[in-house]
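Single chain ahead, by itself, as structure tokens, in the form predicted alone.
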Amino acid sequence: MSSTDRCLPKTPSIARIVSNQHLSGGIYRALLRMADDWGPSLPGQFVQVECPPREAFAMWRPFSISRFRAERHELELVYGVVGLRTLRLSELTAGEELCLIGPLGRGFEAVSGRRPILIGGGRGIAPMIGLAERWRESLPDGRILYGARSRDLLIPIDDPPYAVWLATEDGSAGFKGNVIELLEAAIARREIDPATIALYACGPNRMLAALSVWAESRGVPCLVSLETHFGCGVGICAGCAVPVRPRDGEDAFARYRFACVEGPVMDGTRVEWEGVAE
């Protein structure tokens, strides 16, 4: 299945929790055992999860896919505790079950002829690691730039597929500054050539917006995984509509894209970021 396909199962899948590990702060990593015929999936796609407590009319929650290991039928989700339902999710233990729908949306695809620079902000690093694992053999010269406000907010990365360059805004780990400043420093050292790279990013929308502006000014391809308000996750509710720059000949309706089916991965240089909710 390509990332442009829509995967809309008629019935939810049942996932069994293998582990639900606290990583740092309010961030957790859930490892789920899926049915043998589940998937395949691409980094950047997502799943809609029925978080506890179960209610007849409750909205399911979207979670970006961090990794999917088809040979083990294991799905990994990295998530933050931001409300009652994610708090209840964090309290689930091995052996308990969840319902979910997916994989959904568009994932990351490599830009031909360009060296991949993968950029993660906060827990947005999780799908970047999965992406690097997928590309490690076919695109071995990639790099991962990982930024957070401080050391305490960094998620541990075990056996990274690419070399990881860290940045913290307070200087408590790695480079002192944000990921764009880290990127600029690598260019100044001639470790990265803007003429030969493509950016792939996931993290807070403010970071994605700044990266997109930086990339457009230098002619660098920039694909970003958007964080916005997902409701249904399948293109019905229109809650995730994102304004984009229309191409020549497109009408006014073309100014919006549903991030759940035409994203979450989009060309960051086409997004009108001032209209995107955090």
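All values derive from a computational prediction rather than experimental measurement. From 1 onward, residues are counted along the sequence shown.
What follows is about the form predicted together with a small molecule, which we do not show.
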- Each of V78, R123 and P264 near the small molecule in the predicted bound form, meaning some heavy atom within 4.5 Å? yes
- Message: Residue-level contact is defined here as any heavy atom of the residue lying within 4.5 Å of the small molecule in the predicted bound form; does P43 satisfy this criterion?
- Response: no
- Are any of the heavy atoms in R69 no more than 4.5 Å from a heavy atom of the small molecule in the predicted bound form? no
- Query: So, in the predicted bound form, is T86 in contact with the small molecule at a 4.5 angstroms heavy atom limit?
  - Reply: yes
- Would W214 show up as a contact with the small molecule in the predicted bound form if we use heavy atoms at 4.5 Å? no
- Stretch from 141-149, 186-194, 78-86, 161-169 whose residues place a heavy atom within 4.5 Å of the small molecule in the predicted bound form: 78-86
